[in-house]
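Given as structure tokens, the chain that follows is alone and in the form predicted on its own.
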Amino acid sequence: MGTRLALYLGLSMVAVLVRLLWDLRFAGPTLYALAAVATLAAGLWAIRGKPLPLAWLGLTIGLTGAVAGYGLPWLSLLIPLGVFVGYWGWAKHVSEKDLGAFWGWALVWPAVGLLLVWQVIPAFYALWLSFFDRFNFIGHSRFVGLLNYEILLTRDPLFWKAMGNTFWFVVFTVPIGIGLATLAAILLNEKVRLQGLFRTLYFLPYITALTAAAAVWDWIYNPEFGFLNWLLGTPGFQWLSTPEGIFARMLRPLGINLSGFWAGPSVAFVAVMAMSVWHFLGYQVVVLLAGLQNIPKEYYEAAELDGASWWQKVRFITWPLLSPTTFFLFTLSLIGAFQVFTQVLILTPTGGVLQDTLTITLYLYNKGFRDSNFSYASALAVVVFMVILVLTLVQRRVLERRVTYEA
């Protein structure tokens, strides 16, 4: 088995290197021929002589393919030599513990590399861009320090409008979504008929593409032939174009007139929130169901012997022992709600009437990709990051005390 695996790995390495050399047409026919012969000889030597353990041979192939994938063929040719020198010059003389740590890093480096390339480095690049005047990758821009932040926080009413709308989105969707998901998960955890069918139905919206789901809800909200108006008997009602606040609309029959921020999110934005809660409900239900499955059945059996009711079991057993899962879900939902973008863009691409559905990420998108002002958009991104960071830390400090990690 070991010989066959070594043969397979050796041939794979030869195939990878020959494929790389095939791409190096600029190197000239003589160098190409010499490199091909040398690669073939190295492959045969690796198979027959077994100079490296199989794990090191596999690492060589993986590194070579990964580096070639990044468009660095010449560097990939140096990897077999580097691995060989590393093994004979270092690995054979270190302790088994250090060698284990090395293999741990060797296995996680692709994920760490992707995280650095696509997350960490762009974040610092955005911070750097935010210190320049209207950076758009074409014209000249000058260093302005914190001017973008000063304009953003003191002279930009749209920023505060977008922050207010995002605040309403978080306040409405996070607790309502988790509350509905908790209720659905508790009911689905009971022994009911067609339990698998119900779980599938709840999860189906989440696996639907968000853009497709938003397009369907755009049809549901249509004022002329939409399903919702037909169901409620409100023909012609403009669900996605009504800027009136939901609190003002509900309290007006009582003689209470509200305006501004206190009027609440607009009817249009509430319609977007309803679609968001529906779409992410299945994911939250699945996570909470996993938490419910980990609660020992003995607790419920003991409570039943003591004559506890259904609500008492939920209050004193389910809720405390489900609190770690709820806390985890609450943290993720809070971060996700601050980043709401796709459904808002599909349902109300211009930010709604009077910008009543403009969220902070949609405003960032408009500044960066419609106004070509990446400096200002970067400042927006930094401010949003700081807001999410502060709220997450506060939430962790306040709510984590109430989490029961052990039964």
Partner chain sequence: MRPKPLRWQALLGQAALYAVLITGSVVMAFPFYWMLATSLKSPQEAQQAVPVWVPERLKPANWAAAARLGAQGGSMWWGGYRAGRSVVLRIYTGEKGLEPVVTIPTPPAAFSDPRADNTRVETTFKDGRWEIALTNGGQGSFRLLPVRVYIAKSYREFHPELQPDSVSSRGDNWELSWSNLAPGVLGYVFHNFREAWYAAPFGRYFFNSFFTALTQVLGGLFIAAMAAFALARIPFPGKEFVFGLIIATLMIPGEVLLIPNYILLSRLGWLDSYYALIVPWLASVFGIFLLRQFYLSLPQDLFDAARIDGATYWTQLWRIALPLSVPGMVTYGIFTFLGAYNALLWPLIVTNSPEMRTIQLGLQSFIGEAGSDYGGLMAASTLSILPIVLGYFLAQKQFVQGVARSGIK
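Take the two forms, find the largest set of C-alpha atoms that superpose within 1.5 Å, and that set is the rigid core. Numbering follows the first chain given and starts at 1. All of these numbers come straight from a predicted model, not from anything done at the bench.
The same protein also has a form predicted in complex with its partner chain, omitted here; what follows describes it.
With its partner chain left out of view, choose which of 188, 163, 334, 267 has a non-hydrogen atom within 4.5 angstroms of it in the predicted bound form. Checked against the cut-off, the match is 188.
Although the partner isn't part of this model, could you tell me whether residue 350 comes within 4.5 Å of its partner chain in the predicted bound form, counting any heavy atom of the residue? Residue 350: no contact with its partner chain in the predicted bound form.
Are any of the heavy atoms in residue 157 no more than 4.5 Å from a heavy atom of its partner chain in the predicted bound form? Outside the cut-off, so no.
Is there any non-hydrogen atom of residue 105 lying within 4.5 Å of its partner chain in the predicted bound form? Yes, residue 105 sits close enough to its partner chain in the predicted bound form that at least one of its heavy atoms falls within 4.5 Å.
Taking any heavy atom pair closer than or equal to 4.5 Å as contact, tell me whether residue 259 reaches its partner chain in the predicted bound form. Although its partner chain is absent here, residue 259 would stay clear of it in the predicted bound form, with no heavy atoms inside 4.5 Å.
Please name which of the stretches 241-249, 126-134, 167-175, 314-322 has residues with heavy atoms lying within 4.5 Å of its partner chain in the predicted bound form. The contacting stretch is 126-134.
Partner contacts in the predicted bound form for 190-219 (non-hydrogen atom within 4.5 angstroms of its partner chain): Those in contact are 190, 192, 193, 198, 200, 201, 202, 203, 204, 205, 206, 207, 208, 209, 211, 212, 215, 216, 217, 218, 219.
Residue 250: with the rigid core matched between the shown form and the other one, does its Cα shift 2 Å or more? Result for residue 250: no, shift under 2 Å.
Can we say the CA of residue 118 moves by at least 2 Å between the shown form and the other one when the core is superposed? Superposed on the core, residue 118 moves its C-alpha 2 Å or more between the shown form and the other one.
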